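Shown here is one chain on its own, the form predicted alone, set out as structure tokens.
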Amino acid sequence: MALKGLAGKILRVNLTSGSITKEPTPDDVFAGYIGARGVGAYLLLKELKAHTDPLGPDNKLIFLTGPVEGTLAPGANKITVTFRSPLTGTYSFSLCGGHLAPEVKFAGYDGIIIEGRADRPVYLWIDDDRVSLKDASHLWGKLTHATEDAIRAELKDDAIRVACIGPAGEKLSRFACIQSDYHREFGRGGAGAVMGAKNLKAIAVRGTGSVEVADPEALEALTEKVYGILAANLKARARRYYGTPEMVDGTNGLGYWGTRNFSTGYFEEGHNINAANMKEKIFVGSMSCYACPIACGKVSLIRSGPYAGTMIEGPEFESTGLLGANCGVSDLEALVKVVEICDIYGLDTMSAGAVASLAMECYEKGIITKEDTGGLELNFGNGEALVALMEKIARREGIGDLFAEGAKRAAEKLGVPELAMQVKGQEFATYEPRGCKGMGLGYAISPKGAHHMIAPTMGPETAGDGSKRFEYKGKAALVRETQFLMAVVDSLSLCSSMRFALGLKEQVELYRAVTGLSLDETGALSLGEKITNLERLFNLREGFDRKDDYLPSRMLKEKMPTGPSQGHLVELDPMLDEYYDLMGWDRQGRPTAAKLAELGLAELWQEVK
């Protein structure tokens, strides 16, 4: 092993042939693309043929860790899966926290590449150096929590880490997720459907090794410093106390919280589902991912009423927004119940909320009726109907079969494509672009569709009096820089909440302490730009360009009707032009030959296009 911080092997599993091989970790690729997200983008572009069917056997699931996983670095707990999305047809990746990533590293692997399709349900069992495929016929149809329990019982070890799909993934819902540690997800883009199409029910891992770092003393000193910063940081303290819902009041108060299928950005009943109300009524404990000093995961319990006994981790901020405000639902108990349904069936709560809100708007406009919904009165705000609808979607029953296809396909089939709040087929996150215009540009140019963490500009946009969020000039530069910074964080595989204490300077210090490689802040940003362009190239090869970097007409033509962002639209075209210019892309969003040469990607592009 040349690089410190790496385990030194990649596991490759072909489900069609049943072959399992162990390959040396490509140190040069890790050095050139940092780790997880960057390396995943490189391998997917290199290994996947153009126009591969996302639900066919040739699609790949590339699970990768970063160089810091398994060390004591704060927040070093993310694992990334990269794949071609069945929801969007684009390049996609999804990150999952919890304890799976370090366990994979402890078992001796930097990543797992899954390809092919098994002829019957199987699960992958990684027990350090011993790796096998085991029959999963008895697990097919089981809910995610039951699947984890069954595998641990079968392998006689309660400490095994499991990532699995539920019935939604088996039934190929295009926004099915992969669940891990009961409450953590590879959420966006439909990785669960790809896993279901491969007849792969689960991956179970037991690792007993450790990770060697280049400079343990430097890593320990940096870790101690970060813990101190996080202990004093007000935002980190709020996150520890309230979890991610601490963002509810700020987002709603400024009027950029997607509400009732993004018909507006302010939810009048938001106080019923804010962090303070959750803290008072449903929080009963906290949970933490590996090496996390914040523990933002909040355990919630419903004590009475029709959903009494329901216990989940969450609701997270995005789930609260999209299943709550965006469906007009302020019933906290119903919100917890619908999150539980998503978790145990294996659905992305974000897309689930966006799809449900589309269904509700269609119902209110008479596009679908009570006859179509099997008797459900899908008015905005009807929490009971939301719970029932989600069960139908999870099982693909009745009208749930249509909405399991995602918002874009469902709206097109209903003849109302303009009502789907999505980009490239990926449903919006909870931030309303008309009230935070940089987020609108970020949604538009995101390689995986409308994802908020490609370029989360909401912090600087809402700083001070919050008025900067309405400006559109200069937002391209902010989005560009934020995009590069996130490519670095994701490739290191750090939890994004660590950015409260780990700026780029500290991330570079962390990388050097773990790997022993020299890297400065300028070099890190350059790698972020390279990864961003790599992702763009994958989508260009699949036929995506400027025509796909667009927002729904509601964002561009209908002024925000109410709330603190009232009267605003998204001025997308001038922001796009400015962004493409800054990126060194032409006006169709294609990197120029000069830019590819500057980034060292020209030869690779010639090879794969």
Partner chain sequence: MNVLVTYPERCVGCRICEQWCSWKHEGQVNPTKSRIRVHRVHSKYLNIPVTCMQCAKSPCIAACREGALRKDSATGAVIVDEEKCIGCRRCVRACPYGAVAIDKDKRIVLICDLCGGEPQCVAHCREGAIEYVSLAVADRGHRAAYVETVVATMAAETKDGIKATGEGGCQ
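Positions refer to the first chain, counted from 1. On a predicted model such as this, the values are computed, not experimentally measured, just so you know.
Below, we turn to the form predicted in complex with its partner chain, even though it does not appear here.
- Although its partner chain is omitted here, in the model of the complex all of 152, 287 and 313 have a heavy atom within 4.5 Å of it.
- Among 71, 532, 244, 330, the residue placing a heavy atom within 4.5 Å of its partner chain in the model of the complex is 71.
- For the options 539, 223, 373, 199, the residue carrying a heavy atom within 4.5 angstroms of its partner chain in the model of the complex is 223.
- In the model of the complex, its partner chain stays beyond 4.5 Å of every heavy atom belonging to residue 470.
- Residue contact check for residue 137: none of its heavy atoms lie within 4.5 Å of its partner chain in the model of the complex.
- The shortest heavy atom separation between residue 414 and its partner chain in the model of the complex exceeds 4.5 Å.
- Under a 4.5 angstroms non-hydrogen atom cutoff, its partner chain in the model of the complex lacks residue 476 among its neighbouring residues.
- Here the chain stands by itself, but in the model of the complex one stretch of 143 to 151, 270 to 278, 191 to 199, 108 to 116, 143 to 151, has heavy atoms within 4.5 Å of its partner chain.
- If you take 316 to 334 and check each residue for a heavy atom within 4.5 Å of its partner chain in the model of the complex, you get nothing at all.
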